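One chain follows as structure tokens, the form predicted alone.
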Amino acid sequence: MRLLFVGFGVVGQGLTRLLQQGAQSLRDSFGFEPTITGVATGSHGTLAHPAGLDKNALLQAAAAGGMAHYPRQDGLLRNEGPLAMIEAGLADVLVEVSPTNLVDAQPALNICRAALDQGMHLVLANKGPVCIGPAALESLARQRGRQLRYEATVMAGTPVISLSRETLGGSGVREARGILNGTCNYMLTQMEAGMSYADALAQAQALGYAETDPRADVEGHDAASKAVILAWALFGRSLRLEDLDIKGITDLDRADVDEARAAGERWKSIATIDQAGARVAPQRLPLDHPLASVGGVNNALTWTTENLQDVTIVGPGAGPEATGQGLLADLLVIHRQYQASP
């Protein structure tokens, strides 16, 4: 399987490390021997080679500042953009790990369309294309007989998309409620331990859990984008972010947290997805609720079903290797399916 990476930041590097470190196990257990034939980044250069790029050299080049640091090699192409690589037929799978754009999903959306038109499968960590245009992208993938997979867009490698679309199929899912943003969850955990909102945010930023501009997290927009993706995965509903009722945790303070604790409850930022739509807001949950015990940067999702009642999964929602695992799981699904095809 030949892979073209669009983007090679921490997530792309995380997947590359998993492929490198687990090469023997992946080969022995699954017969899976992927080759990275192209890497295209927005500002750190591009590389392509039909016979494959050295994974360790890619990681070293990224650590040194960009693809210009990749060693010389006969047949190496350094100035090909992603569309040119796609048109040249250099890869079987597009691994889209560039930064998310939730306004119009560009340029990733056009790159994904071009890849499908060329007969490539799509594996995404970039939320934009699935959040903005899932119906059209899924339809194009079906027309081309290719796979569109996006496990890593929600809760990183914790398998909520595959559970929603496949394992829980036929269970009569009525609703999903979850903690989909680790920054908010970490801050609320710290506030319950005695921190002010401002101190909890400063600590989350210092630890790398929150960006310098934390608004996408604390105002609920990151969780909302994941709720939109889950609405499509669960119910086939194509929602727009602007149609969601979104409320962040910015108005919560220590007094609110203390009041909830005195009542035997705990604040959590909860995304709710059902047939009526999706919404994000802080909620007070009783301490025996499965989501109430999820602390720190962990994420969690509870499906309410007809056949199984409630099913809850807890796991990491971010991180290079965790997100890389989501991408790897999707690649293995494609590998198994097309290995089995006549």
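All residue numbers refer to positions in the sequence shown, first residue = 1. What you see is a predicted model, and the numbers here were worked out from it, not measured in a lab.
Unshown form predicted together with another copy of the chain; subsequent notes refer to it.
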Option touching another copy of the chain, based on a heavy atom within 4.5 Å in the predicted bound form, out of Thr250, Gln73, Thr167, Gln106 = Thr167
Select from the listed residues Met67, Leu285, Leu59, Val314 the one whose heavy atoms reach within 4.5 Å of another copy of the chain in the predicted bound form.
-> Val314
Would you check, heavy atoms only and a 4.5 Å threshold, whether Thr189 touches another copy of the chain in the predicted bound form?
-> no
Hey, in the predicted bound form, is Pro159 touching another copy of the chain, heavy atoms inside 4.5 Å?
-> yes
Touches another copy of the chain in the predicted bound form: Gln325 (any heavy atom, 4.5 Å) = yes
Even though another copy of the chain is not shown here, does Leu83 get within 4.5 Å of it in the predicted bound form, heavy atoms only?
-> no
Out of 124 to 132, 237 to 245, 170 to 178, 199 to 207, where are the residues with a heavy atom within 4.5 Å of another copy of the chain in the predicted bound form?
-> 170 to 178
Within 4.5 Å of another copy of the chain in the predicted bound form, do Leu163, Ser293 and Leu308 each have at least one heavy atom?
-> yes
